[in-house]
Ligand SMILES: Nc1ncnc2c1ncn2[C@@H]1O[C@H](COP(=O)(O)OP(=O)(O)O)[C@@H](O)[C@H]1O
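Just the one chain here, the form predicted alone, laid out as structure tokens.
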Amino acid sequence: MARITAEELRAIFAALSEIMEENKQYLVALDSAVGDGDLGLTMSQGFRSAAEFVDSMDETDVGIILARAGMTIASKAPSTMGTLMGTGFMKGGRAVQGRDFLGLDELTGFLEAFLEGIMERGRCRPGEKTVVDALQPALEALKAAGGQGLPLTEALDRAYEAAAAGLEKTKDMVAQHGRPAYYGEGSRGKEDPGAAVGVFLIKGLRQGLSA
């Protein structure tokens, strides 16, 4: 049965770094439409630094690895999204600290704490056109998969599909936070850049688990 250990986390962060780099210009374009256009650059830098840090760690506690990766992202990607991602990983990591692997139940607990951290720090909720609108559906999909006894890999497939659907729905929303909120109704019809990062986060979890 698939599970996430320290070894898998190294593969996951390598995948996240690759995904953020591959989609750097896409994120820049999305962010330029409603923000300052630096999202692709900060996410690429933040996750590259996290991947390098995780790869260098001699640690088996997955919670510690995740929390320290979050600290690295917050430090190396000094931006609103860098802070939110860093906070999510730190809070999520603390929620699963003391474990040497994550199964589906533990990963669900991690993502739930991750999401709570983001919502607390960003003072945002579902429906406000943020990263939450991709991660909340992903979390619900993981919970449903757990209730059905599905394997971790299939659960992550469903979480990714749910996150992608959540991103699509942000087109119908009006931004309530940050620079995008300045555009008001002008933000409608556009995908939220933060939600796109949320989709890539779930994609990295799944892709890294297959490496």
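Residue numbers run from 1 along the displayed sequence. Because the structure is predicted, anything quoted here is derived from the model rather than measured.
Heads up, the form predicted together with the named molecule isn't pictured, but that's what we're talking about next.
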Would you kindly say which of 108, 80, 87, 72 lies with a heavy atom within 4.5 Å of the named molecule in the model of the complex?
80
Should residue 171 be classed as touching the named molecule in the model of the complex when contacts are defined as heavy atoms within 4.5 Å?
no
Even though the partner isn't displayed, in the model of the complex is residue 138 close enough to the named molecule, meaning a heavy atom within 4.5 Å?
no
Using a 4.5 Å heavy atom cut-off, state whether residue 179 contacts the named molecule in the model of the complex.
yes
Would residue 195 show up as a contact with the named molecule in the model of the complex if we use heavy atoms at 4.5 Å?
yes
For 5 to 35: residues with a non-hydrogen atom within 4.5 angstroms of the named molecule in the model of the complex?
31
